[in-house]
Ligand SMILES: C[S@@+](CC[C@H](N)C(=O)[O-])C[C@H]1O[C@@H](n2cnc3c(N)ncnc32)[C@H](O)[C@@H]1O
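Here's a solo chain for you in structure tokens, the form predicted on its own.
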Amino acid sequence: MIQPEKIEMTKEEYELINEFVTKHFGITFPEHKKMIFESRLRPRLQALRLQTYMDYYLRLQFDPKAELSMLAVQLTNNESYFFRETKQFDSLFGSIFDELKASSLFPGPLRFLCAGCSSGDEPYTLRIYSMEHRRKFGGELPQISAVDLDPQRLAMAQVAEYGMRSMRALNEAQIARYFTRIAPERFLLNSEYRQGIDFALANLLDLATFRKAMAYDVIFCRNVLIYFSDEAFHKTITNFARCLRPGGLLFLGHSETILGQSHHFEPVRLDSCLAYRRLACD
């Protein structure tokens, strides 16, 4: 019997499983990342006592629903930390805020979406920023929806316990203000910063899994689309356009762009960062 740790993925197996992953999640692993793809899937072969990656592919074909959540756990990139790329938050709660609030189509609080929220660092950062700027909201802080493909990361987000790696962008004063130390290098986010956030399992290719009755005012999808195929990229951007109200803003990661790739959005310069405004013409 071949030991799973010694199994190598053939070109055919790579192409078949990669095609399956892209179809269901949008994520794609280019050929130069084949070894990473292989290593991330290997634990599932070990857990299922399968002898080849083809065996795993056949299992996916036979009963995909039973394995999809575990596949998502293995393949999603979970790099996240508090106060990441804060120029976007500074702009949102600074120069653009009054215009965004005034142009909202619905009464009540603004509605934010964190798409690809991982372990919750980003939506909790948004909550912290909201509380720091609460006077601007007139007593109604934003409603924050946070969605991800990985159920294990969502469970971690709801517990809201973090290690030092998640807080590497914070200084000691911020850590003391927002967290309670529960172990030498483990911290629990204080309760007031855990309110007003709805965590849910969602697939960005499936609009029904994250669309709300009322459209969002702001969507954050940062450092997610860089892992998508071209087709999945365009489908996701279209999905965002369908659930973001006209005049609403889409924020992407610093290495991501939709310039010239969507007629639903126009670029807008906000202080020192770039965002995309939902057009009302379609």
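Not measured: the values here are computed from a predicted model. Quick note: we count residues from 1 along the sequence shown, nothing fancier.
What comes next is about the form predicted in complex with the named molecule, which does not appear here.
Next on the checklist: To verify the annotation, which of these, 78, 158, 103, 190, has a non-hydrogen atom within 4.5 Å of the named molecule in the predicted complex?
Outcome noted: Among 78, 158, 103, 190, a heavy atom within 4.5 Å of the named molecule in the predicted complex occurs only for 78.
Notebook entry, point to check: Is residue 25 one of the residues lying within 4.5 Å of the named molecule in the predicted complex, judged by heavy atom distances?
Noted result: Residue-level check for residue 25: yes, a contact with the named molecule.
Do residue 144 and the named molecule come within 4.5 Å of each other in the predicted complex, heavy atoms counted? Judged by the heavy-atom cut-off of 4.5 Å, residue 144 is well away from the named molecule in the predicted complex.
So in the predicted complex, does any heavy atom of residue 84 sit within 4.5 Å of the named molecule?
-> Contact check for residue 84: yes, within 4.5 Å of the named molecule in the predicted complex.
I'd like to know if residue 197 sits close to the named molecule in the predicted complex, meaning any non-hydrogen atom pair within 4.5 angstroms.
No - in the predicted complex, heavy atoms of residue 197 and the named molecule never come within 4.5 Å of each other.
Handout entry: Partner-proximal stretch of 225 to 233, 55 to 63, 211 to 219, 31 to 39 relative to the named molecule in the predicted complex, 4.5 angstroms, heavy atom
Key = It is the stretch 225 to 233.
Listed by sequence position, which residues of 121 to 152 have a non-hydrogen atom within 4.5 angstroms of the named molecule in the predicted complex? Heavy-atom contacts within 4.5 Å come from 122, 148, 149, 150.
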